[in-house]
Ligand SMILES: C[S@@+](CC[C@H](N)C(=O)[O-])C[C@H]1O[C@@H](n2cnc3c(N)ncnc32)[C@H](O)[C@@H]1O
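Listed next as structure tokens is one chain, alone, in the form predicted on its own.
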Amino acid sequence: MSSIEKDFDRLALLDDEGWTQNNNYHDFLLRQVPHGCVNALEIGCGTGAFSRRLAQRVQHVKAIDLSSEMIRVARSRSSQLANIDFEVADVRSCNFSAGHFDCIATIATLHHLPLRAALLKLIDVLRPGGVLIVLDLFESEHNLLKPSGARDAMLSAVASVVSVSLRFLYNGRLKPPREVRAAWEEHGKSDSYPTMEQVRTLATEIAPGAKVTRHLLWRYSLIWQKP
């Protein structure tokens, strides 16, 4: 995890609060937050963009990230919000009370962790009736000889066009700055993602009834309300 921490310390300094493939789905994720939510947790909060929006809907947000630089930037951008508690922490070593949170959200973070163990821990600290909100990346099927592979290739091509178009619309450029691309490329060397089939199989096993949805920009969502 130390290499991941260093990667995100570097990326924090390059964050310009512009459009990204992750924050493209913030509105969708916020619609999943339960009404009357008191305590919310965000895992892998980064520079706090989603935490700040979440704090406008819930009474208190606990937001953690492995990167001290991400947390520093998040705090500096959130000084006007008194109901967010940012903390440098590794979720694997956090001792949260069972059933404490009304809502838990995590964006593009779980693929850095053993997925089953991470989800089980989040399920444990979610109260009955609470909602788990996951947005993360999945591995596409690259074998074009398979029907699913051909479909994936077509969807990926469409996603590339949409992503470039939205970046130009919101950020005024077709590509991220060179230093940002270089930082993400370096980080991506250690990344690995589950397939959609693996996500759905795991959800059926440990979070029955979860709604797993494939989204266009190489993301999936998993929304689950604890019985």
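The numbering used is simple: start at 1 and walk along the sequence shown. Source: prediction; values computed, not measured.
Omitted here: the form predicted in complex with this ligand. The next part is about that form.
Picking from 196 to 204, 160 to 168, 174 to 182, 60 to 68, which part of the chain touches this ligand in the predicted complex when contact means heavy atoms within 4.5 Å?
-> That would be stretch 60 to 68.
Taking this ligand in the predicted complex as the reference, which of I84, V91, I133, L122 has a non-hydrogen atom within 4.5 Å?
-> If I apply the 4.5 Å criterion carefully, the residue I get is V91.
Thinking of N22, T109 and L113 as the candidate spot, does this ligand come within 4.5 Å of a heavy atom on all of them in the predicted complex?
-> Every residue of the candidate spot has a heavy atom within 4.5 Å of this ligand in the predicted complex.
How about C45: is it within 4.5 Å of this ligand in the predicted complex, going by heavy atoms?
-> C45 belongs to the contact set for this ligand.
Close approach of W224 to this ligand in the predicted complex, 4.5 Å, heavy atom | The answer is no: W224 has no heavy atom within 4.5 Å of this ligand.
Given that the partner is absent here, does Y220 sit within 4.5 Å of this ligand in the predicted complex, heavy atoms only?
-> No - in the predicted complex, heavy atoms of Y220 and this ligand never come within 4.5 Å of each other.
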